[in-house]
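This document opens with one chain alone, in structure tokens, the form predicted alone.
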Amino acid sequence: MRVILTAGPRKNPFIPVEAETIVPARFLQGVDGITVAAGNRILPLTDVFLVEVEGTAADPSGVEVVLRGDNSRLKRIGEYMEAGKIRVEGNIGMHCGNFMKGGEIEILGGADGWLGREMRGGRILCHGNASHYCGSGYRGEKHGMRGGYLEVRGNAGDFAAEYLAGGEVVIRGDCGDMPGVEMKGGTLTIHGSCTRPCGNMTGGTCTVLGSARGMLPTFRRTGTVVHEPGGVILTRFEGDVANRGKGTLLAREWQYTL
């Protein structure tokens, strides 16, 4: 079953659309009754999107939702998603994949803040850049992503994988400030460079294949390791010892200054 949602013109395209109802399971019974919130208005899905449905499915794993048009202000798609696939043919707004448990989200463009927030399982692939708090917990939460796989093929903003507790986050480009801060578990791999990684880390493994600038002095150097593939030599740190941490931070290049 394939559900194609093409964003239509809106009088005020800058007003965000809250669309936690856009998950594959909701379309098994058709589109009647599915609503979204635009500002303080609750609207039928068909008021915001041109909807096309192709084929049928026996369960959510057989449903693919395709989003077309300008969806850069569309928030919370894939929230609590458990199965199926969502494919975004462009950019997507904030909180994509909140609390996701299963299935797959593929974003051909970029993603706004909190991509994969507090994710539990499943897979998210973003071909463009991701904004701040990618794979993190929301403000006030003590756990971010706990499971699943999140990959950004561009760059990520500040606080990527904050409070990471499980699962795997891969950033193919650079990260901003303080990736992996308060990290408790899981793995974070940054193929580019970043600043001040893993402050207050207590567990998990972070690998920086570029340069880690502004290294905190509360990480203890414990030797080197060989990263495969490629045989790259990485310096191994343990910490954050200021929080009695036992996390592992590996960096190809590092320096204490920004």
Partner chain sequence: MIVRDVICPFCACLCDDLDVHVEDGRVTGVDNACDLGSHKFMTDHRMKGPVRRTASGWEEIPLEEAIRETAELLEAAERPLLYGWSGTCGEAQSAGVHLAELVGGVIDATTSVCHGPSILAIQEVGHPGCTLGQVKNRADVVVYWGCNPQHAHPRHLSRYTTYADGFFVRNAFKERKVIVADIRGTDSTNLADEFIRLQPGGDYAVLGALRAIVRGKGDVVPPEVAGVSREQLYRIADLCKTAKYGAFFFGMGLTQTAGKYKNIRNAIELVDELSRHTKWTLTPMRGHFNVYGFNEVCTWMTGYPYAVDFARGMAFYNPGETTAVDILARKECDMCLVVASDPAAHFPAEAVEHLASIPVVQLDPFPNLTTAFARIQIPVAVSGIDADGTAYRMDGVPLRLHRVLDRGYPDDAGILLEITRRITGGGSR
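In this text, all values refer to a predicted model and were calculated from it rather than measured experimentally. Numbering follows the first chain given and starts at 1.
There is another form of this protein, the form predicted in complex with the partner chain, and it is not shown here; the text below is about that form.
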item: Candidate stretches 121 to 129, 101 to 109, 83 to 91, 155 to 163, one within 4.5 Å of the partner chain in the predicted complex by heavy atom; value: 155 to 163
item: The partner chain contact in the predicted complex: N243, any heavy atom under 4.5 Å; value: yes
item: Non-hydrogen atom contact L216 with the partner chain in the predicted complex at 4.5 angstroms; value: yes
item: 4.5 Å heavy atom contact, R196 and the partner chain in the predicted complex; value: yes
item: Proximity of T189 to the partner chain in the predicted complex, heavy atoms at 4.5 Å; value: no
item: In the predicted complex, residues of 59 to 81 near the partner chain [heavy atom within 4.5 Å]; value: R73, K75, R76
